[in-house]
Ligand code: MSP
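First, one chain by itself: the form predicted alone, in structure tokens.
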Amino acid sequence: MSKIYLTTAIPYVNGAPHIGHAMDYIIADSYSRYHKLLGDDVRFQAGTDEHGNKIYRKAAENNLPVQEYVDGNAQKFKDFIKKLDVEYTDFIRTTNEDHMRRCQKIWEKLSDHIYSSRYEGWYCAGCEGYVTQTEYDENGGICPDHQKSYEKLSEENYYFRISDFKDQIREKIENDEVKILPEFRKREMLKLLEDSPDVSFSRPTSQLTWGVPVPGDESQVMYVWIDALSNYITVLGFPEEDISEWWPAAVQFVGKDILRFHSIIWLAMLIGLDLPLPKVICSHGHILANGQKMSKSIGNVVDPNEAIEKYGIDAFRYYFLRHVDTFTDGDFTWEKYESAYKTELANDLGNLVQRLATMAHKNGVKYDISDKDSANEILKDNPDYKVMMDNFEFSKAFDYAWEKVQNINKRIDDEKPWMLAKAGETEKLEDVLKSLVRDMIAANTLLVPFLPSATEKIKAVFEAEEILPPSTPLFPKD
């Protein structure tokens, strides 16, 4: 048994959970459940990023005290994660007193690499981010995401000296001591590292008040990088506790839009703290709607809650884990979603369970579970699946498992158990049905990381003392 620590990016709580957040959670959950099948001890972090001006302003717009506002939004994310059938072990909020205190101690540990300087340049209030002159020029002075002009800033800040760590970061990434996935993103990160400037670690309280105070300087509040990125280790107790039992993380899951912060700033912080680097940083793509980037202005934003409510959580996880490649952008349309549910999930799997259980029950077939049906043995028998899961190729692993489902359907059509029953070949019929049930249990085990709710129901059908078909369809079409 190994100890596995995996993390998800903490979302900013100035809005409702969206599809991108869901991808983080369900990918991480699939990896977590896979390792539980292997018998590993898994620690799974989730949380919320709750500081900054956007949140402060949103609270004011809603006529709420800011703490009350973030409390409500943090609960929305907890509820959303539960709805996704995701099992985490730790939930961290950046307004938590333990986190804030530990952040201040991390600042002090990094103090040799922090310096004070005046920032003269561009800033996007919507992104709460500084903008280089190159970005300003490329975007014509307007943020492409918020369609608002960049602001000119002149303020005194503390900076984190990224230049102190560039050579070490480059070496670690090039040698895969921290593996960045997919491979083409690794090359992008190495390119970005070349020109990566020192980063602002604070903002003056005249501009930002809702945040973690900089230790020893009441005029400054910590900026997002040290506050939000530190959550992955403060949740484990660092620097007040020894975290070596769980750190380094086996994998950190992030969206492609924040990969550069995790591949450069976060790695620099870890090196500065003399901590080992995460083994893998796995980035996933974005979800498009009808081939276009989701945008409120276009009106094509897909509400994940609506997608879940329409056909259930198994349909949601099925579509986004199988039909969306783990590493690249995926596309969502309601037509594709409904087709995947009705013609694949309901037909291939739902009908198979009903059909096979009915035949087994009708013919009095009982299946005795043995050690060969254990998750450990099934995974041993499917080394290709294990390689895909170990390489974070979840959509490919899902395809592999689904092929097992389709093969069982084909075997039923080819071997025609009903004809054996009609011919009175009871012994052969029993052997065939037991073999099909054995294959069903194996396929169901491979599906556990992706469809935990459905697979639990299927397990209850075929691993019971008496095989009984479900009283209602697993995936109703109407």
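Quick caveat: nothing in here was measured; it's all calculated off a predicted structure. Start at 1 and count along the sequence shown; that's the residue number.
Although it is not shown, the form predicted in complex with the ligand is what the next lines describe.
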| message | At 4.5 Å between heavy atoms, only one of the stretches 185-193, 120-128, 222-230, 99-107 reaches the ligand in the model of the complex; which one is it? | response | 222-230
| query | Which pick from V214, V251, M294, A74 sits with a heavy atom within 4.5 Å of the ligand in the model of the complex? | reply | M294
| Which one, P304, G285, G272, G312, lies within 4.5 Å of the ligand in the model of the complex by heavy atoms? | G285
| Counting only non-hydrogen atoms and a 4.5 angstroms cut-off, does K179 reach the ligand in the model of the complex? | no
| said: Just checking whether D257 would be counted as a contact of the ligand in the model of the complex - the rule being heavy atoms within 4.5 angstroms. | reply: yes
| request: Spell out, yes or no, whether the shortest heavy atom distance between V461 and the ligand in the model of the complex is within 4.5 Å. | output: no
| said: Taking any heavy atom pair closer than or equal to 4.5 Å as contact, tell me whether H262 reaches the ligand in the model of the complex. | reply: yes
| request: At a 4.5 angstroms cut-off on non-hydrogen atoms, which residues of 446-466 are near the ligand in the model of the complex? List them in order. | output: none
